[in-house]
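Below you will find one chain, with nothing else, as structure tokens; this is the form predicted on its own, and questions on how it binds or moves follow later.
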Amino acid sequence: MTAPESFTPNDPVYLRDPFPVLQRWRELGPVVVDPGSGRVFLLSFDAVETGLSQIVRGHAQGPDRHKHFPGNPFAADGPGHTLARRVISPALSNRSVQRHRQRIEQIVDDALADKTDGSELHVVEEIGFVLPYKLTCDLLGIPEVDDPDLLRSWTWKSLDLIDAFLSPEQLQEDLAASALLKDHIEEVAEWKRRHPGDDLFSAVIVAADAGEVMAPEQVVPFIHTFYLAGMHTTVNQLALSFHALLTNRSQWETLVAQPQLLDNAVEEVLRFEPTAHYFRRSTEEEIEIAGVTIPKGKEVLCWIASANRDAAQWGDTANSLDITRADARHHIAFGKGPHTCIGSWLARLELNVVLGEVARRFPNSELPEQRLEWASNVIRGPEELVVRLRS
């Protein structure tokens, strides 16, 4: 069906708390058309799962948002995607990423080293970006840059290009940053060719030079996706996780009292507050989802944030945070199907270490009064979150 009113993704009220709006839309049906944009929204758990699994990435209408990174295997479908993905997937399995636990613990320990009872932790600035940035450099075997804040800006604006509702002005600003990021990654790729090692960047270069699963010109687009996913989604998910647990005080206290629940707590915050709110797809052929026929050539938004709160999947407590939830791990915060996030196990490990260390060292931590700024409708997270650490 068509919604009675247009979707307003950049309304400050919506950005502060999008879940009531998504619930109202989901109550209209599992598949709803936004009259303002003409896009098809998939909203129920089953519809989103089907859409992510069966609708190819396709080619969205409008200006080319990826003109600086053409031929990206992660944006492809079929063998062009799956074969290139296999180049790095073994290094990012659950078992493989555990080798990085000690390094993650070291980075977290450094971030907390001078913190005492009553200290403030600026989650995004002091640990949210630092941890995934340093870990990404380690995994790729590249040196840290002189100005990480500049790289942080370029990568964020380049990631912002996945926003389905960008204004023309914002689109141009993001594309300009994307061009600068391309130049940077090209320089890093040239350096990496002169300094090969036992790392993911070198593995990608070797595979590209062999020419069997990808071409040399695809190295920079391939690494571009790794930059964006590695450096930003965890940033936001960390802030969202602390916010969710500390505003649902009983859940934080349960975690402190029962640290064995940490793994499940990570899964539940991913369900309850996923940073990726939707993924874009385009139908290259007609498809039926939840009894609704979606014609060829339609842009489809698969609303993960809606699916993860669907009462048909999660019951009457869908809108409640419950770190003891038995089926929390069945969320689709990392997507579904062939494009499921390849770094999901690494993200889980990062969340596990950070949440676990803060809960252990500062069990009475709290959120001080603060005004949170929410900027993105697609990669959700506060621009900063301050936690007051209490022993």
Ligand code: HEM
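Position 1 is the first residue in the sequence shown; the rest follow in order. Worth saying up front: this structure is predicted, and the values here are computed from it rather than measured.
Only in words, not in the display: the form predicted in complex with protoporphyrin IX containing FE, which the text now covers.
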property	result
Options 344-352, 35-43, 321-329, 357-365; stretch whose heavy atom lies within 4.5 Å of protoporphyrin IX containing FE in the predicted bound form	344-352
Contacting member of Ile185, Ile304, Leu166, Leu131, with respect to protoporphyrin IX containing FE in the predicted bound form [4.5 Å, heavy atom]	Ile304
One residue of Ala229, Leu140, Val300, Ile127 in contact with protoporphyrin IX containing FE, assessed in the predicted bound form (non-hydrogen atom, 4.5 angstroms)	Ala229
Heavy atom distance at most 4.5 Å to protoporphyrin IX containing FE in the predicted bound form, all of Gly29, Ala47 and Arg271	no
Val219 within 4.5 Å of protoporphyrin IX containing FE in the predicted bound form, heavy atoms	no
4.5 angstroms heavy atom contact with protoporphyrin IX containing FE in the predicted bound form for His81	yes
Distance check, His66 to protoporphyrin IX containing FE in the predicted bound form, heavy atom within 4.5 Å	no
Partner proximity in the predicted bound form: Thr225 to protoporphyrin IX containing FE, non-hydrogen atom cutoff 4.5 Å	yes
Any residue of 321-343 that, in the predicted bound form, places a heavy atom within 4.5 Å of protoporphyrin IX containing FE	Ala333, Phe334, Gly335, Pro338, His339, Thr340, Cys341, Ile342, Gly343
